[in-house]
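The chain that follows stands alone, in the form predicted alone, written as structure tokens.
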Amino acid sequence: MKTEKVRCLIIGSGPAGYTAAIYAGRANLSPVLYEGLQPGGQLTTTTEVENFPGYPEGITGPELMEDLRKQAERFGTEVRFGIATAADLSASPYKITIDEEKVIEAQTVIISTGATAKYLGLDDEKKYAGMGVSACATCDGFFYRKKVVAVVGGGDTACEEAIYLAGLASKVFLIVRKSFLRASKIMQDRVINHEKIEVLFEHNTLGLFGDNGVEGAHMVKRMGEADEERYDIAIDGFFLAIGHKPNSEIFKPYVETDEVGYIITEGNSPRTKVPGVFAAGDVADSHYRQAITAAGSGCKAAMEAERYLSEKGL
């Protein structure tokens, strides 16, 4: 298998990866960045981004990521298409296999592979992606002011997103598959007692409909039971809050992760327990999951990589 030696390898091309590349490039680390399965990351599925600093009129997700990519390339980053399929972080230089056909031997590695939102698996979720379907209330809730939206999920995240959206929307349906909420007692109370939130227990979503975006959802109550009931609800937005899956699988034998798979770093730093290996963005952030926080962590990862190489004389 062909091998290549690099000083700084960045895996992933969302805001964290590209920002790390900008800083690593300016520090003359000659970074190599592999874009991964979704070049540009989750933001490329977002139509309008209004909360990223520096764009007073807003910008589309794909345009923002293209700007970041160009900026990274301007400072010498070599951006490549490819997917990391295996990792050996047992000793330096660290070995990352790309597309099962090439091994990169890297002195430093920045893992910015992100986290993938979990979906119900409906064809309509893909059909209406960026047209009413979202997995981030903080990112997209602003577009649903005084409109009717639905949130799917029964845990703390779903309740938090329902409450957040209730501060913007005219009404929020919380669609819960079970007959109870899994959220903490305080979150349950806030949702149940909120005048704008209606909890639909024992409900499943069968599909979505609308001509130029989501206009409603096909629902079923007590699916498979004798008293099963099917009906439609009118909504403008459909938010998934059933969790995220961090893209950390190949690194798990070497770095520390929590029970879900988010990489655990040292304190407020991007340092993993492997010297010279850093984690940035959503793969190490189960809480904020914002483009700007991901970018900030990418900056920190690149600065740490530069310090590590400098201290090692590499």
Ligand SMILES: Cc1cc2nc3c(=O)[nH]c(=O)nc-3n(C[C@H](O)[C@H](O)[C@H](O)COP(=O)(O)OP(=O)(O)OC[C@H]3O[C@@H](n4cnc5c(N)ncnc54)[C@H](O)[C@@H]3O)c2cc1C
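Computed from a predicted model, the values in this text were never measured in an experiment. Start at 1 and count along the sequence shown; that's the residue number.
The following text describes the form predicted together with the ligand, which does not appear among the structures shown.
Enquirer: Counting only non-hydrogen atoms, which stretch in 198 to 206, 182 to 190, 148 to 156, 107 to 115 is within 4.5 Å of the ligand in the model of the complex?
Expert: Partner-contacting stretch among the options: 107 to 115.
Enquirer: So in the model of the complex, is the ligand close enough to I292 to count as touching (4.5 Å, heavy atoms)?
Expert: Result yes; I292 sits at the interface with the ligand in the model of the complex.
Enquirer: Can you check whether A16 is within 4.5 Å of the ligand in the model of the complex, heavy atom basis?
Expert: Looking in the model of the complex, residue contacts with the ligand include A16, since a heavy atom lies within 4.5 Å.
Enquirer: State yes or no: in the model of the complex, is some non-hydrogen atom of L89 no more than 4.5 angstroms from a non-hydrogen atom of the ligand?
Expert: Close contact is absent here: in the model of the complex, L89 is far from the ligand, nothing within 4.5 Å, heavy atoms only.
Enquirer: Contact between G82 and the ligand in the model of the complex at 4.5 Å, heavy atoms?
Expert: Heavy-atom contact with the ligand at 4.5 Å: present for G82.
Enquirer: Looking at V274, L43, V32, A27 here, can you tell me which has any non-hydrogen atom within 4.5 angstroms of the ligand in the model of the complex?
Expert: Contact with the ligand in the model of the complex is made by L43 alone.
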